[in-house]
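Heads up, the chain below is alone and in the form predicted alone; it's given as structure tokens.
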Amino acid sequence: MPKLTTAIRPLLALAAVAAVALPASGCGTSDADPERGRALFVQKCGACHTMAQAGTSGTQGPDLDDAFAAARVAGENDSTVEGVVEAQVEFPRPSNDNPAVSMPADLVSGQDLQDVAAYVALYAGVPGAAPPKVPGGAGAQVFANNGCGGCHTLAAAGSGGVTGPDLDEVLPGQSAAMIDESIVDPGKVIAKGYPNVMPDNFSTLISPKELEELVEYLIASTAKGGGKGG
């Protein structure tokens, strides 16, 4: 996908196509879940795209706040933005060896795509959009910003994701080093009964300080978690 300076025109052109396709694509349907879409966006899209509400700062693809702010100024509404997002994900530009000018096909599909599109439509380019503030301190905010609750259950965070292990069950007894490794190298040890779908780019999405805060939060939140030793 091209940089911002060349991205806005294709976005607006796709908006016209998407507006025609809206009835068939299901955009704006009541079963879309923007909150779940946020978690998916952080995991699947945040490494390449900046979006303030998602707390992501990827630079390989367009800054979606800048790109869709221009689209909104041009009169595009949320439903049309959903259509643009769906069209770009379903029909990305042909992939090549330069990730700055292409996007992989099938990043999300089906209900996942509807949820991501609904989320982007709500917040991309909206002035003042920022990650939701949550109680629990800095680590809790890192957990929320990175969509961890979309895949994991953690009572302290009020999350009930089931794609990944229940953190209240698996973290007690683990050291800080073990938890840290499970975040930055999730493929090293796969939890039995769960697919290997956890993103492997959290080491670039989360700063070292934020990672430390997140690990400390997870240990404290699961009560019986291990100490800070390795």
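Note that the rigid core is defined as the largest set of C-alphas that superpose within 1.5 Å between two forms. Numbering starts at 1 and follows the sequence shown. All values derive from a computational prediction rather than experimental measurement.
Omitted from view is the form predicted in complex with a small molecule, to which the following refers.
Using a 4.5 angstroms threshold between heavy atoms, residue 80 stays clear of the small molecule in the predicted bound form. Among residues of the shown chain, residue 146 is one whose heavy atoms approach the small molecule to within 4.5 Å in the predicted bound form. Taking the partner from elsewhere, residue 153 is found to have every heavy atom lying beyond 4.5 Å of the small molecule in the predicted bound form. Taking the partner from elsewhere, residue 54 is found to have every heavy atom lying beyond 4.5 Å of the small molecule in the predicted bound form. The partner is absent here; in the predicted bound form, the one residue of 70, 176, 170, 32 having a heavy atom within 4.5 Å of the small molecule is 170. Think of it this way: in the predicted bound form, the small molecule has a heavy atom of just one of 160, 104, 136, 132 within 4.5 Å, and the residue is 104. Once the cores line up, the CA of residue 192 ends up 2 angstroms or more apart between the shown form and the other one.
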